[in-house]
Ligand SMILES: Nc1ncnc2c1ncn2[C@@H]1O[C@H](COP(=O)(O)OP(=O)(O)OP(=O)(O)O)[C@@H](O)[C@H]1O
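Read the single chain below, which is given as structure tokens and is the form predicted alone.
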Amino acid sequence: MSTLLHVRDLSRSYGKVKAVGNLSFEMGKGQVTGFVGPNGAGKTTTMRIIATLDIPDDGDVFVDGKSVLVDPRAVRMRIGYMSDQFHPYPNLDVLQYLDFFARAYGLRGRNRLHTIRSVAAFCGLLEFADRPATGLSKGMGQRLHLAKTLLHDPLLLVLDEPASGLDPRARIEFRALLKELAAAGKGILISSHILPELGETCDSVIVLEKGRRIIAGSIAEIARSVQKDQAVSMRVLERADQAERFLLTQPLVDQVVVEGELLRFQFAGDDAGLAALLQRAVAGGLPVVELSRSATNLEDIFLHTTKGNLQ
């Protein structure tokens, strides 16, 4: 996987507060990376530096091999930055708003007109073409914000809290747009406090706290590294008390909790060990109807890896 974004030893302070400290990571084309951390972790500062809107105290960022310090103009043509606030200009309808930014990106003539309509169609905005940009709903406003970001066909999208304030349907539709963009080869760096959304969208995550990287990798890799025991659920038709006594005598089983006919416990073994446990339960006469592992999600990872420190 070729490297699209390389953040190298990045540091940025505001007075005595170190917003970002010696941060490094990479991501490739077509990869969707979630940026996760508590308030004040340094996510927005890092994204603003990547977008050439702020200058680091130390380190550098390279987008498609271009430095934000040495060649910021080349970087700007390769990235699309979507800030956490959308403030449309008054007295412009949707297409006029997109036309303004298309001209700012240097698009001209028929190519500009074709691009505006293509991007508007992709984001589902054509039926709102004549509507004032300031009169859109939150969800449609975010679509317009994204459309503006896509006009110059950037390689990397930097999205800061794009789903904030959206209703469930709007979030689902927005997530579908991002998946299409990733499938087309766009790299996407996205921050959000809606962790289940990131968990369903991202290939990998970077967890920050107090400006430093705590952990990075795919959700599955991080889950294996931070949570050695598996959370397992066993459902029986009856005799939950007998099932509880059985589990309490089994090796590698801990923290058994009974909830009616459902028993939850921690299991320190692998898949083969879990299969053997099920075999013993059935051989012992327990009417097991379900045995499943609870997948570790992004919220679990966040709670395991961060301490809740704010700055």
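One rule holds for the numbers: they count along the sequence shown, beginning at 1. Note that the coordinates shown come from a computational prediction; the quantities given were computed from them, not determined experimentally.
There is another form of the same protein, the form predicted in complex with the ligand; it is not shown, and what comes next is about it.
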Heavy atom distance at most 4.5 Å to the ligand in the predicted complex, all of 41, 45 and 161
yes
Since only the chain is shown here, I'm wondering whether residue 19 would be in contact with the ligand in the predicted complex (any heavy atom pair within 4.5 Å).
yes
Taking heavy atoms and a 4.5 Å cut-off, does residue 193 contact the ligand in the predicted complex?
yes
Just one of 33-41, 55-63, 278-286, 251-259 has heavy atoms within 4.5 Å of the ligand in the predicted complex; which?
33-41
